[in-house]
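Have a look below at one chain only, the form predicted alone, in structure tokens format.
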Amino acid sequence: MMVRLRRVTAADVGSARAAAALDDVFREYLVPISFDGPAYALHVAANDVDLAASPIWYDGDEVVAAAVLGVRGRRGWIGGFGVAPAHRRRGLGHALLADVLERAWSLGLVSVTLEVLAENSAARRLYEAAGFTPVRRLIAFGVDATGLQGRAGAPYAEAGPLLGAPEQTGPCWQREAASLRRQPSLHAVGDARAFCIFRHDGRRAQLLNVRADSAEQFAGLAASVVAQTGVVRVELFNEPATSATAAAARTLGWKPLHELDEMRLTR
């Protein structure tokens, strides 16, 4: 099938079509991902997405491929990347990555990072062929809230003042303070010595920044999140595998949901 690519950017098509393009390229992905209107707007605003440097390719009105580039200073982050299912295995992924990197270097960036699911060997080979190397492993954990009952004790706190606290382990791009400060409705429990910053939708809480000195203290913070919100599920989002928080989650028997490799290319 002949493809006549029309190359535009997210800035050219508007947020609704850009979000739809990402949904198209993430169809049949190993982990379900959806960029409905609010989710896409938050992704762009919180992660410093440069719409003019985020390519979308079409064949007529059909989405072929799309990518998202975030920019902070001279660092870049690919926060979404894919080829639509009907167009895969034709070398378009290599071309799309070259397009994104060309845009990144033209902006004066000196490094670009991304995350790839550990089991996504095809994507990993694509990134390695372009020169990306693994930096560290990230793990997403989850636990049912019933396993946290009876340990609560940390009071509710304002998240804002805690965002400036030094990180125990450098977070991934989406959990850097620059991203969290733009998140609406962030909550926290604890104090400056031990705290947990999180967001929730009434059923599930995502832990975004945790400071705890022990597994027991971490469990107490997580239980306090449950007590404050009534959620039935708690998840720890893309935690560096070697961090004290990840060690605490493993000690407490939290289930790994998926693992990712953070990869970087330095110019």
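A residue's number is simply how far along the shown sequence it sits, counting from 1. Keep in mind it's a predicted model, so treat the numbers as computed, not measured.
There is another form of this protein, the form predicted in complex with a small molecule, and it is not shown here; the text below is about that form.
Visitor: Does the small molecule come within 4.5 Å of a heavy atom in each of G82, H87 and L92 in the predicted bound form?
Guide: Heavy-atom distance to the small molecule in the predicted bound form: all three under 4.5 Å.
Visitor: Would F195 sit within 4.5 Å of the small molecule in the predicted bound form, counting heavy atoms only?
Guide: Because no heavy atom of F195 falls inside 4.5 Å of the small molecule in the predicted bound form, the answer is no.
Visitor: Answer for R181 alone: is it within 4.5 Å of the small molecule in the predicted bound form, judged on heavy atom distances?
Guide: R181: no contact with the small molecule in the predicted bound form.
Visitor: Using 4.5 Å between non-hydrogen atoms, is A10 touching the small molecule in the predicted bound form?
Guide: Answer no; every heavy atom of A10 is more than 4.5 Å from the small molecule in the predicted bound form.
Visitor: Report yes if any heavy atom of A122 sits within 4.5 Å of a heavy atom of the small molecule in the predicted bound form; otherwise report no.
Guide: Yes, A122 is a contact residue.
Visitor: Give me the residue from A118, L126, V71, A140 that has a heavy atom within 4.5 Å of the small molecule in the predicted bound form.
Guide: Selected option: L126.
Visitor: Please tell me which of F237, F26, Y40, Y58 lies within 4.5 Å of the small molecule in the predicted bound form, judged by heavy atoms.
Guide: Result of the distance check: F26.
Visitor: In terms of non-hydrogen atoms within 4.5 angstroms, which of the given stretches 181 to 189, 102 to 110, 155 to 163, 126 to 134 touches the small molecule in the predicted bound form?
Guide: The contacting stretch is 126 to 134.
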